[in-house]
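Just one chain is shown here, as structure tokens, and it is the form predicted on its own.
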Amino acid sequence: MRAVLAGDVERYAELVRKYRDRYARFAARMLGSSDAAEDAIQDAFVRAYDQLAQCNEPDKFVGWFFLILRNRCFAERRKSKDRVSLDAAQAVEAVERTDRDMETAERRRTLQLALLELTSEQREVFVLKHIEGMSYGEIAERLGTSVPSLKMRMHRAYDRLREQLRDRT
């Protein structure tokens, strides 16, 4: 990051390669569509590049970039009225499909559909905690919020997921 800020703009491609896949997974889970996630991640990298001078702490590029992507995902969710189609959920699952058995695939599909019913804030904390494997402390630092606030969001997400899964089984 420091090299990019010093004028070696070609090195920005290294940052894109290093972080793209991880954040594409996050965006796909937040938006429920691999196509929407691809658009969001590309837009976020372009925005980050355009605003590099605003990154006050180059060593914290990852957190700064994450906030840009997060805001882009939230804006996209608002645009789509916080609803995602069944087709979108299936598209995300299709990208992740491997040779697992049908029962596991059905459980994953059911969970993905239930995740799409969460609010953006609930889905975000759930994805960061359970899919990205971050601790509450890491999530709180990244989002600029408190651990108790995150735990409350997670509690509400669990309640809503339980309700959604109960209705689907």
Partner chain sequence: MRHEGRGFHPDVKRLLDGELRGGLDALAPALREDAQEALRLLAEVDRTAPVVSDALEARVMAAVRAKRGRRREMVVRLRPWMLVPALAAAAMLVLLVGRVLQAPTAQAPAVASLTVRFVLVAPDAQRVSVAGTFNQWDPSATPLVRTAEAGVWAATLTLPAGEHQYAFVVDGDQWVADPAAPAVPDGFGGGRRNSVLTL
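Residue numbers count along the first chain shown, from 1. Quick caveat: nothing in here was measured; it's all calculated off a predicted structure. Between two forms, the rigid core is defined as the largest C-alpha subset superposing within 1.5 Å.
Another form, the form predicted together with the partner chain, is not on view; read the next lines as being about it.
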Check your understanding: According to a 4.5 angstroms non-hydrogen atom cut-off, is residue 50 in contact with the partner chain in the model of the complex?
Key -> yes
Check your understanding: Could you tell me if residue 126 has a non-hydrogen atom within 4.5 Å of the partner chain in the model of the complex?
Key -> yes
Review point. Contact between residue 29 and the partner chain in the model of the complex at 4.5 Å, heavy atoms?
Key: yes
Point to revise | 4.5 angstroms heavy atom contact with the partner chain in the model of the complex for residue 153 | key: no
Practice item. Given the partner chain in the model of the complex, answer whether the residues 67, 139 and 146 all have a heavy atom inside 4.5 Å of it. Key: no
Check your understanding: So which bits of 1-35 sit within 4.5 Å of the partner chain in the model of the complex, heavy atoms only?
Key -> 5, 6, 7, 9, 10, 12, 13, 16, 17, 20, 21, 24, 25, 28, 29, 34
Exercise for review: Would you tell me if residue 15 moves between the shown form and the other one by 2 Å or more at its C-alpha, with the rigid core held superposed?
Suggested key: yes
